[in-house]
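Just the one chain here, laid out as structure tokens, in the form predicted alone.
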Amino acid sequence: MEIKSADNQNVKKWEKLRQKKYRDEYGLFIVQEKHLISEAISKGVLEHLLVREGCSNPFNKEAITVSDKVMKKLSSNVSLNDYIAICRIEKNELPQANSYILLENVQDPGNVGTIIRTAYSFGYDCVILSEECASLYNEKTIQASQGALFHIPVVTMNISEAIGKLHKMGVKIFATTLSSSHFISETKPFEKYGLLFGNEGQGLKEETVKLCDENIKIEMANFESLNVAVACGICAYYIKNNLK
């Protein structure tokens, strides 16, 4: 199959996937770059594979050949993509597990993607995003995650509801905040736990902090706060290797 016109109805539909409301409506999202497309294929979420005319197909999957104009219309990268995947959104359920990362209102998709990558790298079982977080399927989130979103369950839900459900599973929630906190090095071991991180500028909501079991902070000499993805990396590594 070939699509040469950028005015093709499917192309117009796929272009809308840059917006969250249409990703939600169609249940689809775009993946760019060869290694990320390979991850999506391995996950089994591929719906359509688009290959730019003149390029070979390295994926061993049936593909639609598209013109440069079509690829340009669908690409967000500065350089023209050779491949694009249209993928299916699969809803994850909150799993019963031992370690979680929770994000409340983290707005930067780069931060969200980096945190998902960090959680997967350090062996966490699940990432929970509040409904106000940057979209999991934003192209920058996908890029920053480097494919980790295809390997670790990521659940989007009301954060208060998530904390309530985790408590019923015996999970202890640590809020990362400067208010009434103790240092992470003073944290006592606990078998099941979740680390909660807040908005880049405002931190965690006060009402959310009240739902948590303990407040923790990172020892620092100069600044009082760090980029949320950096803070997550430090806390996630330390807690994972010391709460045993």
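Position 1 is the first residue in the sequence shown; the rest follow in order. What you see is a predicted model; the values in this text were computed from it and never measured.
One more form of this protein exists, namely the form predicted in complex with a further copy of the same chain; it is left out here, but the text below deals with it.
Per the 4.5 Å heavy atom criterion, a further copy of the same chain in the predicted complex is contacted by stretch 215 to 223, the sole one of 215 to 223, 171 to 179, 50 to 58, 190 to 198. In the predicted complex, a further copy of the same chain stays beyond 4.5 Å of every heavy atom belonging to residue 160.
Residue 42 falls outside the set of residues with a heavy atom inside 4.5 Å of a further copy of the same chain in the predicted complex. Remark: residue 5 does not count among the residues lining a further copy of the same chain in the predicted complex, judged by a heavy atom distance of 4.5 Å or less. For the chain shown alone, residue 126 is not a contact residue for a further copy of the same chain in the predicted complex, no non-hydrogen atom being within 4.5 angstroms. Proximity to a further copy of the same chain in the predicted complex holds for none of 30, 107 and 135, with the criterion being a heavy atom within 4.5 Å. Applying a 4.5 Å heavy atom cutoff to a further copy of the same chain in the predicted complex picks out 114, 117, 118, 120, 121, 122, 123 from 105 to 124, in order along the sequence.
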